[in-house]
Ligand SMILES: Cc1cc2nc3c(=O)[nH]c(=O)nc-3n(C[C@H](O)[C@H](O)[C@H](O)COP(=O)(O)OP(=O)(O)OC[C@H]3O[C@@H](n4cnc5c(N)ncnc54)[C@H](O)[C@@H]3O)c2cc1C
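In the form predicted alone, a lone chain appears below as structure tokens.
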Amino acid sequence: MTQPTDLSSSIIPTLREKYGELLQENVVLANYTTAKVGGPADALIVASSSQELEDIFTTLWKLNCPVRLLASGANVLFSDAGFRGVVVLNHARNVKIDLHHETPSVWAESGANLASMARQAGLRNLTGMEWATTVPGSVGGAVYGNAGAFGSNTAASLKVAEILHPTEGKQEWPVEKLEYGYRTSWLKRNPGKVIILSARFELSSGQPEAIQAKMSEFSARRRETQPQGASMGSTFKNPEGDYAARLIEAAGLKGTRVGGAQISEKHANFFINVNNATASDYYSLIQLAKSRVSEAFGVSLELEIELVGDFSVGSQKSSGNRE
């Protein structure tokens, strides 16, 4: 897809005419991300249903417009330069629970809150997604990155995802086609090729007491081990046979701060916005952690979050301060 050189003069007037007040211009992305960082986007449009999501993306793809889908704003770091294009804010949040078939299931639009969907399933005595009641983010984000916790993940329950392709339209992709791995999928390895409209998960009937006990246990463990405050979630994937947090802590970086971003004192794989951090602060802290862990242990940490935009300017800080 060829990107236009001047979005404002070539596309924005067309979008103004089509969407009117629904089109927001020069939007600060820090207002829409869980870490509260990120520069401006040329424009933003809110999609309130999967049908609106389909219509908006079909329009933008036809206009050859650079576009980025954003839901909860977790697991993504937009640069301070922002995004030259249109961000579509995914508020498609409908959830339906089917208890009438032999195998019960939950269907959700991709903008639905993952934890809320999992809790709704648990309240209807469905087991299989208790792990997700503690995980921030959207259903679409979970399908995209194979989110997981407490020994399970999205791939374990997902049956089918409804996908929108730029030229082939809507399709139903069975879980096998998504080619899942640890915190990755075909979708994540091919960003922007398609978008997720909705997903259906197959669960099992369970005992209410056991389901509630498991959800309570997971919530307690999450509160004990993970920090409060604005963050993107887990910054790095866990290397095989080890933990990113352990390596970062062992490298002496727990509590290290660059600008307004700090490696959490509670969990070293969480980078917290403690004082009006910039994306450059976060990026410098990420590079510092990668460098120190590589030097100390010969391990190359791989990001779990996604970087979006230009980080080549203003990201040259190389050392952190402990405060």
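The first residue of the sequence shown is number 1, and the count goes up from there. Please read these numbers as outputs of a predicted model, since none were measured by experiment.
The same protein also exists as the form predicted together with the named molecule; that form is not shown, yet it is the one meant from here on.
**Q.** residue 183: touches the named molecule in the predicted complex, heavy atom cutoff 4.5 angstroms
**A.** Yes, residue 183 is a contact residue.
Q.
With a cut-off of 4.5 Å between heavy atoms, is residue 215 one of the residues that contacts the named molecule in the predicted complex?
A. Residue-level check for residue 215: no, no contact with the named molecule.
Q: State yes or no: in the predicted complex, is some non-hydrogen atom of residue 122 no more than 4.5 angstroms from a non-hydrogen atom of the named molecule?
A: Contact check for residue 122: no, nothing within 4.5 Å of the named molecule in the predicted complex.
Q) residue 206: heavy atom within 4.5 Å of the named molecule in the predicted complex? A) Close contact is absent here: in the predicted complex, residue 206 is far from the named molecule, nothing within 4.5 Å, heavy atoms only.
Q) Among the candidate residues 34, 59, 48, 294, which is the single one with a non-hydrogen atom no more than 4.5 Å from the named molecule in the predicted complex? A) Selected residue: 34.
**Q.** the named molecule: the contacting residue among 97, 250, 149, 81 in the predicted complex [heavy atom, 4.5 Å]
**A.** So the residue touching the named molecule in the predicted complex, by this definition, is 149.
Q) Only one of 193 to 201, 207 to 215, 242 to 250, 173 to 181 gets a heavy atom within 4.5 Å of the named molecule in the predicted complex; which is it? A) Contact-bearing stretch, as computed: 193 to 201.
Q.
At 4.5 Å, heavy atom to heavy atom, what parts of 47 to 83 sit next to the named molecule in the predicted complex? List them in sequence order, or say none.
A. Those in contact are 68, 69, 70, 71, 72, 73, 74, 75, 76.
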